[in-house]
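Have a look below at one chain only, the form predicted alone, in structure tokens format.
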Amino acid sequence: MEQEPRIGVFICSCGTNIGGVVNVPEVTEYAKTIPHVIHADHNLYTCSEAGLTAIKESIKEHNLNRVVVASCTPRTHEPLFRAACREASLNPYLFEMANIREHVSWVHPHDPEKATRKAKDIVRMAVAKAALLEPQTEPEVEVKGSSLVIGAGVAGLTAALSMASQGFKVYLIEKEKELGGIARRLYKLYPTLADSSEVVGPLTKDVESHENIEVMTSASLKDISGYVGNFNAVLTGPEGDKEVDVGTVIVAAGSSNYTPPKGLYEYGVHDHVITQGELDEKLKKGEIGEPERIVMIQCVGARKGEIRPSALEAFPKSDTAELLRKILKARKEEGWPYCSRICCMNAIKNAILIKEKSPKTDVVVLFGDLRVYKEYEDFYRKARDLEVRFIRHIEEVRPEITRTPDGKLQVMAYDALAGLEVKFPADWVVLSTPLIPSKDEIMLGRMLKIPIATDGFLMEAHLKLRPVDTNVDGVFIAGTVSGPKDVSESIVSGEAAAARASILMGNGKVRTDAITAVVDEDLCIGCGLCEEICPYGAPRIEDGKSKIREILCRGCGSCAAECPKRAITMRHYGDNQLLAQVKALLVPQSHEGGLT
């Protein structure tokens, strides 16, 4: 016999995020009047240790069999509250979350009274659904103790070595002939100015000699199928195709350096107009010498406003292709809209190297904004102490490159501080260009079903809470594949991705979310529409009926929405539960009336 719902409601003030707009005590008192609510309370931060403890104690004290938390977005905090329910011996799927931050306080900050009424309505709707929730069982699968690492830059090398050192088998593939990625081509690394070979060399040597790591160069991922714990990957290289079965995948495919279009600042026209990456290589080979003046121009191809789309014939017409059109075929004279973070530091590093080798060389850095993040302010001061000149120019009047009668370069810029146009005869002009997403990286994202962010890089599950996870269980990202990073940050992200993958492989088993599609075979006509539209390949027609492979299902609901016979429903989001929320909203509440 089913138990009568005994619901506990916990309202979060979220500091002033919610409590600064919504009258939280009033909403708490209102929650006590809703049918089936046995207990209601409010906290300053429900996600804190004190808040979670209060939930667990209340479950036991009041014999609660349902829990509702009204706070912020479920995307970030629902797993936390579900875990608290599990620790109190309550099935985690008997938990419901009401978002009264993004849906209330953040969108109605200037109308506290109406915001409070709306919060009451949203809580009432959540309680109505919670009363009909059913316990669910999470599918459990075996996880193979091996991993595929795509990309052998410093992030990929670090991740591979970390997992191999723990006893896991690692398959490491690299599209180039040599390991090391972009870092291999660098000269010195900031802020220590250590030679890049001192970092890349030992990493490469350890990886190549490790018995648990199988390295394939000039290789790429041809195809992949399966799910967390049981991926089947087809790798292709000079020796042909190779199939491997792995439990996890780490994408560390890196990024590309932006190449300015020919003619921009005379790049590609004059041999002494180069990028910072090219300067690194020349410094490494000792090809710069002791010039009289070097001028560096910052943000070339970066922070250039909105990307404009154009046709991209190589991809089929689709939503993803539309995004690719915006990303890959941007107008070159406009460049990319984001700050690449490492450009300023590379310019300062190379300026210091030049001044230390040739103190008489005048190094001028022209910038619109100079960004020295983290602890690198001292590094900037070191450059100033060496008499590197930093001159802010007006963004709208970009520097111009001309040639003197004797064929030398001359840079003209408008000095924002002096209010004058200044001219610098220069032996070399160095353009600071950003790291940008590569075509190969985006194709990998499509193959692995990892979302692509608006800047073109692969998107992490959550920037702060899950920075190396993706929305695909068992697939992790490391290094610059998710955005510009310096070498130290790439190494850290490689370690983090390896740690996340190792936890899965070390446990040997993994539970996946129980919110999956369910087929009523009496209603199913085997039309195959669900199989056609599912982006994850979960449905399969067998014996004339649709079968859902739960481990592949991500609970997106596409199949349930499109099924012509309404034979497919979603666990935790049944029609009766959603309709109960609608009815709770529409019930006359003369003394409340928030949304009605």
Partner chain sequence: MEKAVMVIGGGVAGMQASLDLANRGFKVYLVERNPSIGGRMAQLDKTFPTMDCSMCILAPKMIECSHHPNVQLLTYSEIKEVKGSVGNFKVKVLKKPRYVDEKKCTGCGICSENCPTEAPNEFDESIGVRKAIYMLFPQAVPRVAVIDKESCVECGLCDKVCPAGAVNRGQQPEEVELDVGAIVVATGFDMFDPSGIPQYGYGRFKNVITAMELERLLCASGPTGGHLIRPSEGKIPRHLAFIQCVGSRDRRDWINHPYCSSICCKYAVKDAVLIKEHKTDSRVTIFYIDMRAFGRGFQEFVNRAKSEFGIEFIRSNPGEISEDPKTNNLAISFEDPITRTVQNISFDLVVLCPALVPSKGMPELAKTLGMELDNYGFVKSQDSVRKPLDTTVPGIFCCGYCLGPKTGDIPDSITQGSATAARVSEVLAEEGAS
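Between two forms, the rigid core is the largest collection of C-alphas that superpose within 1.5 Å. On a predicted model such as this, the values are computed, not experimentally measured, just so you know. Positions refer to the first chain, counted from 1.
The discussion below concerns the form predicted in complex with its partner chain, not included here.
Think of it this way: in the predicted bound form, its partner chain has a heavy atom of just one of Tyr414, Phe390, Tyr338, Tyr187 within 4.5 Å, and the residue is Tyr338. Comment: its partner chain is not present in this chain, but in the predicted bound form one of Gly277, Pro467, Pro92, Pro260 has a heavy atom within 4.5 Å of it, namely Pro467. Using a 4.5 angstroms limit between non-hydrogen atoms, Val24 is distant from its partner chain in the predicted bound form. Not displayed here, its partner chain is approached by Ser493 to within 4.5 Å at the level of heavy atoms in the predicted bound form. Contact annotation: Cys47 falls within 4.5 Å of its partner chain in the predicted bound form, judged by heavy atom distances.
Contact between Arg540 and its partner chain in the predicted bound form is not found at the 4.5 Å heavy atom cutoff. Proximity of Tyr373, Ala453 and Met459 to its partner chain in the predicted bound form is complete: all three residues have a non-hydrogen atom within 4.5 angstroms.
The stretch that touches its partner chain in the predicted bound form, counting heavy atoms within 4.5 Å, is 362-370, out of 397-405, 362-370, 277-285, 178-186.
Looking at 500-523, the residues that come within 4.5 Å of its partner chain in the predicted bound form, counting any heavy atom, are Arg500, Ser502, Ile503, Gly506, Asn507. Core-superposed comparison between this form and the one not shown: the C-alpha position of Arg185 differs by less than 2 Å. Relative to the superposed rigid core, the position of the CA of His77 differs between this form and the one not shown by 2 Å or more. Annotation for Lys222: C-alpha shift under 2 angstroms between this form and the one not shown, rigid core superposed. Between this form and the other one, the CA-CA gap for Ser48 and Ser493 widens by 3 Å or more, being larger in the predicted bound form.
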